[in-house]
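Let's start with one chain on its own, the form predicted alone, as structure tokens.
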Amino acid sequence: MHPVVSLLIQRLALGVLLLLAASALIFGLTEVLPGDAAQAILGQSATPESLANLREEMGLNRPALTRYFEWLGGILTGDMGNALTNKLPIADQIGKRMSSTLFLAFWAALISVPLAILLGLIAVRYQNRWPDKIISGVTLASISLPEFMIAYILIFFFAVQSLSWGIWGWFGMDPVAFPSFASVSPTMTLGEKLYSITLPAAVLTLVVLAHMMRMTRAAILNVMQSAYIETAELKGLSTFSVIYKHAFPNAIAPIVTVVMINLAYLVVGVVVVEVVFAYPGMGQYLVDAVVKRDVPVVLACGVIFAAVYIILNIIADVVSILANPRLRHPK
């Protein structure tokens, strides 16, 4: 068997095992949560009969291992059950919420990924000069601030104070106030959707852009120490040509890895951003379920987030293998 095929099969098998382990961990964590889920749902005034009926409906009177395998079998067949709070099918709700989260993540990624690579190339080209210092300083500040703080800063300047802020006049534009509560619906046009998600997409872009740009810069600078780079410079090639044509292709493996990790964050780690902007995505759905102790919804969201993260990491591994001859031919 070809080494590449063998490595790919190993990565896929490892991904399946990791997903099974993540599902068991998520189920186990919901089991050890303090308090009684039935009591939390019905309230302190619930009668013993109603509590017993709800526990029977939720299956809490059965062994945890039995309930885990029943739940896992339902997940594998696409049956995630019904939410406890509204009795609606969880799969249908997640389908709507996931489409909203992917819409937000897509536009944030569309802006951040090429911009991060471009800024990384510029930072390397002007290493230790003012463009590099400005780019590195801004990205370091973006990494240092938590997402919710960046979100509130943007809300203050572009939603609350936007109409009275003079920056729009600098560009000859009329004052524009972006919505502080982001929401999308199928009836909205693409322009209306983009206008609605401007601020949350900007927050996500600033966060992931900083990580990807700094990793791009570090990966290319590491390659720039190689002997073949010095040979290319001695041939008289321009600095940007050396970086773009020789250093960047050989630094693609770590760059792809960090890009995939940040893409996973755009889908999995948007909980804080969605809560701040009341965006109807998976993160908001998960938080609402946690508050209401809707265990089936928490389990379904947790498994989906784990699956997305594992799949994107497998893709990063595969691209790294295909891009690196030493990994393609490990012997």
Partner chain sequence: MLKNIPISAAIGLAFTATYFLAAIFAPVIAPYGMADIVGDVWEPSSAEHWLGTDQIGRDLLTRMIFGGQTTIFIATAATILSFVTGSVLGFLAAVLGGWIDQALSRFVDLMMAIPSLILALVILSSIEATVLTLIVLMGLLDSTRVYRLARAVAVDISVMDYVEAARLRGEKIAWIIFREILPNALSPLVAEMGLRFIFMVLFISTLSFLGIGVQPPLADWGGIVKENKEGINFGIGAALYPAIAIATLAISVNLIADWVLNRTTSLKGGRG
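Residue numbers count along the first chain shown, from 1. Quantities reported herein were computed from a predicted structural model and do not represent experimental measurements.
What follows is about the form predicted in complex with the partner chain, which we do not show.
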Checklist entry - Hey, in the predicted bound form, does G302 get a heavy atom within 4.5 angstroms of the partner chain? => result yes
Checklist entry - Is S144 one of the residues lying within 4.5 Å of the partner chain in the predicted bound form, judged by heavy atom distances? => result yes
Checklist entry - Just to confirm, I155 within 4.5 Å of the partner chain in the predicted bound form by heavy atoms? => result yes
Next on the checklist: I'd like to know if F240 sits close to the partner chain in the predicted bound form, meaning any non-hydrogen atom pair within 4.5 angstroms.
Outcome noted: no
Item to check | Heavy atom of each of A21, M149 and V290 within 4.5 Å of the partner chain in the predicted bound form | outcome: yes
Checklist entry - So which of 230 to 238, 179 to 187, 117 to 125, 255 to 263 is the stretch with heavy atoms within 4.5 Å of the partner chain in the predicted bound form? => result 179 to 187
Item to check | Contacts with the partner chain in the predicted bound form, stretch 296 to 314 (heavy atom within 4.5 Å) | outcome: V298, G302, F305, A306, Y309, I310
Checklist entry - Closer or farther: the CA pair V268/M98 in the predicted bound form, versus this form, with a change of 3 Å or more? => result farther
